[in-house]
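Take a look at this one chain, the form predicted on its own, written out in structure tokens.
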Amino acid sequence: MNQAICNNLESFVLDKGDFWEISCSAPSNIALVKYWGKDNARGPQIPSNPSLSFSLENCRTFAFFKVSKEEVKSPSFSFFFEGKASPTFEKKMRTWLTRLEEESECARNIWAFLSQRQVELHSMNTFPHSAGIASSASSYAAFAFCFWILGQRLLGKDSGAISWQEISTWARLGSGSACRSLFAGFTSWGQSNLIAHSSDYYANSLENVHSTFKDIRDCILIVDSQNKAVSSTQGHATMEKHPFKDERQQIVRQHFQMVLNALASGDWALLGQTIEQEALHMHAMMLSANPAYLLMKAASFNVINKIRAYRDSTKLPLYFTLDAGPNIHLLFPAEVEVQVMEFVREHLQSDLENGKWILDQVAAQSIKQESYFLE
């Protein structure tokens, strides 16, 4: 659980005399049941359906936040991605902060403070950006935590307990799936009668998970690391008037219940079959949208066919899923890692961009205190 990091919030803030530095890292997550479509009539970043994911240990975003303590004559606000100025991300960050200001009095106080200071935001990923590995989720989760920590510093509450629901709500306003990256292990987001205290506004840790899934492995097969032709924001928008919108809502809720049942009972076959259907159903929504689009590549289909053939011949429990991109997440238990990784190297690596893959696992801790990467 994340509470292990709550003992000393002050340790996340470095006092550099004229300014403060706040830094942390947050994980990406892989959705087993997808968030795809928004209920815009009810507010920003409200999901059309409940979703479920687990956070990753190694695919993380490192966030660094530098702010002057005193007011300055020439306030500034700048964003740097992997050491380079990024006006695009700066614009997104300002949009997010405007949403926060509208939703939260605490956030309004923070934004009023920042608007009179020199502010630098930095981030970097340990994985390719905008290729369907939920980089926005880890980024907004990390910065939501940093901003919340600043708010506690301004209120003199550095030693207080962390409000995970509030930070998750803040992260959601930047990127919907970011609300799930505030939690280790398995997480659900979206109101559902199947989960007590569930909400469309923040995520919650999923407690009823069989021990067989606690050490699940995720080998992320990088088919293409380039930016997606259609962003997730654009993809969500296509669902508003999608001809199969109602059918999608019915099916995704069935998948949600099936995944919950599989996680609780330890049923690998049920989990694997359901998450494969769910991933392909989401991509089918892309193919049947107006205008239609396809994020998977030819190599994505090659990899999927090879995974299925290998599973049929070996009877090993390995299954795939995809986020909104071409890259394949290959999920399997830790005890078959040697056999599966041999299969990846011998049969899948030739289909991957520069033969690249990332071996990851369920995160035991979400937010981490990190030394800043540019030091």
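The first residue of the sequence shown is number 1, and the count goes up from there. Since the structure is predicted, the reported quantities are computational estimates derived from the model, not experimental observations.
Missing here is the form predicted together with a small molecule; even so, the following discussion is about that form.
Peer 1: Name the stretch: of 322-330, 305-313, 343-351, 65-73, exactly one has residues whose heavy atoms fall within 4.5 Å of the small molecule in the model of the complex.
Peer 2: That would be stretch 322-330.
Peer 1: 36, 175 and 282 - do all three of these have some heavy atom no more than 4.5 Å from the small molecule in the model of the complex?
Peer 2: Yes: each residue has a heavy atom within 4.5 Å of the partner.
Peer 1: Here the chain is shown alone; which of 152, 86, 169, 232 has a heavy atom within 4.5 Å of the small molecule in the model of the complex?
Peer 2: So the residue touching the small molecule in the model of the complex, by this definition, is 232.
Peer 1: Have a look at 217, 255, 117, 236 for me and say which one sits with a heavy atom within 4.5 Å of the small molecule in the model of the complex.
Peer 2: None of the others qualify; the residue that does is 236.
Peer 1: Is residue 31 near the small molecule? Define near as a heavy atom within 4.5 Å, in the model of the complex.
Peer 2: It does: once the small molecule is placed as it appears in the model of the complex, residue 31 has a heavy atom within 4.5 Å of it.
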